[in-house]
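As a starting point, one isolated chain is supplied in structure tokens, in the form predicted alone.
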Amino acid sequence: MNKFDRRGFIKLAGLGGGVVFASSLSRGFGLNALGSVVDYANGKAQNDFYFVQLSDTHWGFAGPKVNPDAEGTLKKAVQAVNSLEVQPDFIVFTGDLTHTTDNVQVRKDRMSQFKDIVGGLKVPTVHFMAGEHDASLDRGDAYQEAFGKLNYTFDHKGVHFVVVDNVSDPGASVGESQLNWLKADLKQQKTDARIVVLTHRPLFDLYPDWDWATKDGTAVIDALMPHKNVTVFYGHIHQENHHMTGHIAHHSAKSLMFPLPAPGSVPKKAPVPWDASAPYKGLGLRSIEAGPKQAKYEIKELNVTGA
């Protein structure tokens, strides 16, 4: 991507205002005004890239007091991404693609419907991962049939991406087998490798009483700690949250179906009711611009409709 000034980047985003958060683990580099990563020593933009994160689409949810446009929000998000003047390198969906159901056939139908809708995305490369709504009732059987593996890795322009499954176990554990798989993968990476972890639940104890934690998340973080340049993107909590565990930054994404209250802010966790005076408030997606050589990630929060 080329350098963008503030106006140019907003034009690129094409989705209105938002919040920018820069996660940086290096020195001597910085971000221009909502643009590319710049090497200040040489005055040149590096070979960066950007991707889009969508999360918690909950296809199949019904509740007019929470989202009267439940059947339209995901479609609007697809249109919004397709409207970007410059298309992202790839897209990630960080879990809860569908809304939970005890009916196995309905679960499979929802996954098929979800795939049909997101099949309309222009970007050819889309990475999926499960949420507990997709996978906890059958340990991911239907999800794997529709989307493939629950945990896997991929590489893109100098960044190593690791998808961690912390949802198929009903007890919200990653499990010993997957921990061993993760450790074996990390052994293949240098300690200064650029690593991005994609998962659904937070790996740290954000608010365990609301299931906003991973039972053995500390073991995952411990495995990651020897690596200097690790960033985690996740979903599940239906809102922005930025947290550090040592040098590791964790960034949660908004939902595309309904927002949830801030951790512990109310006695009982429940979707925030729809505000007719501010439609789609609290919903959104994000673009993430990566500077691989500097381990920087600039996050741009975008709204659902482009309004």
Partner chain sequence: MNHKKRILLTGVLLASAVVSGLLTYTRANAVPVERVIHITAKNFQFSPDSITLKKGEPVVFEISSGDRKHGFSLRAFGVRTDVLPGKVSRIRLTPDKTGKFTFSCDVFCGDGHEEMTGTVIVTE
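Keep in mind that this is a model prediction, so the values were computed, not measured. Numbering follows the first chain given and starts at 1.
Missing here is the form predicted in complex with the partner chain; even so, the following discussion is about that form.
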I have D155, P226 and K293 flagged as a candidate spot, so tell me whether each of them has a non-hydrogen atom within 4.5 Å of the partner chain in the predicted bound form. no
Have a look at D216, D185, D89, E132 for me and say which one sits with a heavy atom within 4.5 Å of the partner chain in the predicted bound form. E132
Picking from G120, G148, G72, P208, the single residue whose non-hydrogen atoms come within 4.5 angstroms of the partner chain in the predicted bound form is P208
Please determine whether P271 contacts the partner chain in the predicted bound form, using a 4.5 Å cut-off between heavy atoms. yes
I'd like to know whether G171 contacts the partner chain in the predicted bound form, with contact meaning heavy atoms within 4.5 angstroms. yes
Would E85 show up as a contact with the partner chain in the predicted bound form if we use heavy atoms at 4.5 Å? no
Any of the heavy atoms of K76 lying within 4.5 Å of the partner chain in the predicted bound form? no
Options 134-142, 190-198, 112-120, 176-184; stretch whose heavy atom lies within 4.5 Å of the partner chain in the predicted bound form: 134-142
Applying a 4.5 angstroms cut-off on non-hydrogen atoms, the residues of 102-130 near the partner chain in the predicted bound form are D102
